[in-house]
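Below, in structure tokens: the form predicted on its own, a single chain.
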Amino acid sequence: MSSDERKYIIIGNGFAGTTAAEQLRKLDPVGSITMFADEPYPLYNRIALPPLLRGQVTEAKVIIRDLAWHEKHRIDLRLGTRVESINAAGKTVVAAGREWPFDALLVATGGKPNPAESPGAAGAHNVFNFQYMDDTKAISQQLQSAKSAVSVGGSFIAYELAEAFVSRKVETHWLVRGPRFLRRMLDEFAGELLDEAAAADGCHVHYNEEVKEFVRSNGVVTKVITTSGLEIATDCVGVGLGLTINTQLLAGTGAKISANGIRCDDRLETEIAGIFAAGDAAEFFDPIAEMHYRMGTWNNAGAHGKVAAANMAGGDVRYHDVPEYSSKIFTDQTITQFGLSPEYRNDLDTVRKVDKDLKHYRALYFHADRLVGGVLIGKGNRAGKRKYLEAIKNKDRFPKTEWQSILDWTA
């Protein structure tokens, strides 16, 4: 390697980091790319972990990029190697007992799932978070002999656990610490439809409930006692209580950090020139929404990886996507969310349309006179999504008198 070849370092080999590495190799055929990963696995599809837990796919199907792919693209993947520190001024990172110089650095470290903290949780052999491949394997093994299971939390992770428990023919109880699933985004009308979907699959959902105590025997939780006094026998507990973002490597470097992530601009660059953030770790500026926020979805991670790579290689590319995701909700429902929602800002105006017979729900969110986001619930209820995305991206403006009619867009 000659001294004038650019040196790229990526911390984190999730979808954001690996996408960035792939794009960097396309943009810079000769530069060195080193990628550090805590886990022992190359990139795997995190959105395929729920199907893996349900027993619908194999582990081999979950792996997206094998070691041979990295070798072919000359990406130096350092598995099971934790970066210890970043010297922003000296443009080096410390890992594996040595310093690694960089011209451009991407921090795509994601977040660490929050553990259950109720009495009896610490050290219990059958209380699991659900974030990584090894989590999935451990839960799956526990479910082989389990007769009952409890999912804790009102997040998508908690839902995915509850759905997996049900699909594995285990008696399932889901403790939601609010009045409904995704309470910061969805209203009571949407919550009712999703509750019906859970009940139809045999999931027992308990709202406004948290764990007061995990009752243990020989290091294993045998019973969950809730804040209202409900006692639930269980063989397996899954926890989905949000993430603590991994920002500690940039602490004290001059990068701006909040509880919500690493602050960066619409180029995904932090306040330190040459250091970028992407994926779950990034509190990025969205020029379409005209605000900073964090979006922890698979599609957004990939979009971040592409933008970050272009700018790490010397380009000037701005984030230009409308974040969106879609998911099945138990057997009978689907949800699609795009753009902003009340989860991200509390000053949005909402118009909605509910069809209880079709089990359809549609909500659109406006800021001033701009459409900025929406939620579509129900099979066959995604018509018009492309038009909504175009209107958001174009920053189209609509008088309030038209908002209700926009709910009927189908093109």
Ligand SMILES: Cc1cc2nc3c(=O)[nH]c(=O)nc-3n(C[C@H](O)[C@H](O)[C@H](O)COP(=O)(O)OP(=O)(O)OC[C@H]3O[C@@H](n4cnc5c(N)ncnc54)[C@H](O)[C@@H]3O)c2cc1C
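If you're wondering where the values come from, they're calculated on a predicted model, not measured in any experiment. Don't overthink the numbering: it's just position in the shown sequence, from 1.
The next section is about a form of this same protein that is not shown, the form predicted in complex with the named molecule.
- Contact with the named molecule in the predicted complex, judged by any heavy atom within 4.5 Å, is made by just one of A301, A116, I275, A149: A301.
- A heavy atom within 4.5 Å of the named molecule in the predicted complex is found for exactly one of G296, P323, G120, G191: G296.
- In the predicted complex, the named molecule sits within 4.5 Å of a heavy atom of A37.
- Among heavy atoms of T270, none comes within 4.5 Å of the named molecule in the predicted complex.
- In the predicted complex, the named molecule lies within 4.5 Å of some heavy atom of A16.
- Using a 4.5 angstroms threshold between heavy atoms, G154 stays clear of the named molecule in the predicted complex.
- Here the chain stands alone, but in the predicted complex its contact with the named molecule, taken as any heavy atom within 4.5 Å, falls in 108 to 116 among 108 to 116, 163 to 171, 198 to 206, 312 to 320.
- For the stretch 161 to 195, the set of residues having any non-hydrogen atom within 4.5 angstroms of the named molecule in the predicted complex is empty.
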